[in-house]
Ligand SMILES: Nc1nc2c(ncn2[C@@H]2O[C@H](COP(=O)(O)OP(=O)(O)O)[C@@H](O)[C@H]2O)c(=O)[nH]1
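Read the single chain below, which is given as structure tokens and is the form predicted on its own.
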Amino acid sequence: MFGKFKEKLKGWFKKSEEKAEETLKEEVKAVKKIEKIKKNIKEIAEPELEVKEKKEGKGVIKKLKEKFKFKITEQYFEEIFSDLELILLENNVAFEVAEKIKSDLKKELIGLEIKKEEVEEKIKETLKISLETLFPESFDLVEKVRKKQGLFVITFFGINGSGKTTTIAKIASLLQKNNLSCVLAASDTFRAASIEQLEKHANNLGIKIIKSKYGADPASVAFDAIKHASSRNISCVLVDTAGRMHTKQDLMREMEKISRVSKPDLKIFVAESITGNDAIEQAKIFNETVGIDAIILTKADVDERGGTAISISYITGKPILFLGTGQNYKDLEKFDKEKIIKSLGL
């Protein structure tokens, strides 16, 4: 994740420092011209004052050389941010998020007097702080399940092909490793082979699956799974759902019904990190319809841009719990915003 993004950022930091050096040289040049004019005037009118200034070391040039600083103006900021904005948008960062980053940087940087060699570090520091505010506080899924007195129900939402069913199996495996029992509900009764796919994972993990025939009421399957789990003191029910966006209105009604019937403790949206703004728009739709609580991003191992991870939490206001990093059950990495920011070279 962030391979291409990191390289582009690295180039941008270098370019920003070069621009700072160029700006500083222009400022020095301008001051030299002013000093030359002042000197000519002093030679004619006030030679004693010039000697006094030299003795006291109050020349503007001398001060500038000592400090070697320049002021970050709005013009300088706009010039360097236009390049950063392009990098952000090219790497799947949502426009709304790019604007938020711009606002944060503008507030901290404009008017700042800084040494040329400190420009890169200051911008990195400011960008890091801005990115940290994009991620809502996360939580420990295992602890959340463990702490509830009674059955814990999780429904999973997402578009077909997002890796939702495999992610459900990964969560089931994670719960098993933490001595928490679970049952799977095959409530995607629309997509061909969806039930068989989930059943294969259930068999691999030795977990019970509650299913029905294709075309059956998805909410009734979830209800049966909850009833089964409750009667056997099972810790958690993981509910798979359909994800056909080409019948969006019907799908959303179906998701609402499943939520009403299953009364989930947690609603997780699963999205492919490589789909960028499409994933963000999908998350917004599901959040507005069923009110998602958290996000899992799949295919993070092949995502070289990473903008989805930066944007989706901020846009929805929901935390990312995990990153899917492969097809094996163990390939589920707990989301860590500090690790994400560090991987950008900040």
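In this text the structure is predicted, and so the values were computed from the model without any measurement. Residue numbers here begin at 1 and follow the sequence given.
Just so it is clear, the following notes concern the form predicted together with this ligand, a form of the same protein that is not shown.
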property: Sole residue of Pro264, Gly163, Gly276, Pro218 within 4.5 Å of this ligand in the predicted bound form, by heavy atom; result: Gly163
property: Contact assignment for this ligand in the predicted bound form, among Lys116, Arg191, Lys124, His228, heavy atom within 4.5 Å; result: Arg191
property: Proximity to this ligand in the predicted bound form (heavy atom, within 4.5 Å), stretch among 133 to 141, 165 to 173, 86 to 94, 231 to 239; result: 165 to 173
property: Heavy atom of Thr298 within 4.5 Å of this ligand in the predicted bound form; result: yes
property: Contact flag, Ile159 vs this ligand in the predicted bound form, heavy atom cut 4.5 Å; result: yes
property: Thr73 within 4.5 Å of this ligand in the predicted bound form, heavy atoms; result: no
property: Contact label in the predicted bound form: Ser181 to this ligand, heavy atom within 4.5 Å; result: no
property: Residues in 309 to 339 close to this ligand in the predicted bound form, defined by a heavy atom within 4.5 Å, in order; result: Gly324, Thr325, Gly326, Gln327
